[in-house]
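Just the one chain here, laid out as structure tokens, in the form predicted alone.
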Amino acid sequence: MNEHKISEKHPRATSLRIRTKLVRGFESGVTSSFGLFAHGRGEAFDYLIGETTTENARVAIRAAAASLLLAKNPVVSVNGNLAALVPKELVKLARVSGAKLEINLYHRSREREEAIARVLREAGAKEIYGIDTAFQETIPEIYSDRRVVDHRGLFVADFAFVPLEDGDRTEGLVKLGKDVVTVDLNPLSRTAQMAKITIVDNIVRTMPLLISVTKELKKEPETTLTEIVTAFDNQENLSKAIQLINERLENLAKREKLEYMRGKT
């Protein structure tokens, strides 16, 4: 389905546009077939939170922006799904915050690295890490290709923004003492549970807000940024996300039951 043919009146217009971008990413070698499966799993959780950025997610976004600005050596990790969905936003965030952009893939190939690098350059990126084999390092205790990182980037970073990440590398980065921030629609995932800050939201909604809040907080003193990060509790954040899902399911169940009873009368 071509993106321009999706009617605004279609009840799933936004979802269909996102899927189209991912399919185009797959066709161009940016996204892997496994990334398509991962998106479908995330979309199911998006239904559960109401396909909207919750107030709880906004609090997490603010904490993420403050943590990013406090970092001395921040890195934004880029995989295929991110490159397909929000390449311009990734470049903007890196530019606003001073973070490095590093390509890091689970299903790694030179062709995919080059395809993603091309997309990022077209979005305005000037310097991209993670693609020069001369600077490769490995993260201990990770057994997929994601263990390979750039010595100038994630290996020495104090802050890692790793949206749509897999749990083993999140855990590995945390063990290395890095402040890990992620975006994950599933509050129960190992990535969500291991990260310092988890934004439970759709990446296409999160990124514009994160850029905006980062710009806003750049005007604040370091003491204010520290207070924002210190006040944030990720376990409480995840608990609220799960509670929201539970409440929505209960309300939907009540509504369905009411509709059923009306049909019986």
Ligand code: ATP
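In case it trips you up, residue 1 is the first one in the sequence shown, and so on. Keep in mind the model is a prediction, meaning the values are calculated, not measured.
Missing here is the form predicted in complex with this ligand; even so, the following discussion is about that form.
Student: Could you spot which one of 93, 103, 71, 185 gets a heavy atom to within 4.5 Å of this ligand in the predicted complex?
Tutor: Result of the distance check: 185.
Student: Since exactly one of 32, 202, 214, 237 fits, which has a heavy atom within 4.5 Å of this ligand in the predicted complex?
Tutor: Spelling it out, the residue with a heavy atom inside the cut-off is 202.
Student: Only one of 95-103, 148-156, 116-124, 188-196 gets a heavy atom within 4.5 Å of this ligand in the predicted complex; which is it?
Tutor: Flagged stretch: 188-196.
Student: Can you check whether residue 89 is within 4.5 Å of this ligand in the predicted complex, heavy atom basis?
Tutor: Residue 89: no contact with this ligand in the predicted complex.
Student: With a cut-off of 4.5 Å between heavy atoms, is residue 84 one of the residues that contacts this ligand in the predicted complex?
Tutor: No - in the predicted complex, heavy atoms of residue 84 and this ligand never come within 4.5 Å of each other.
Student: Just to confirm, residue 180 within 4.5 Å of this ligand in the predicted complex by heavy atoms?
Tutor: Contact check for residue 180: no, nothing within 4.5 Å of this ligand in the predicted complex.
Student: In the predicted complex, is there a heavy atom of this ligand that lies within 4.5 Å of any heavy atom of residue 42, even though the partner is absent here?
Tutor: Because a heavy atom of residue 42 falls inside 4.5 Å of this ligand in the predicted complex, the answer is yes.
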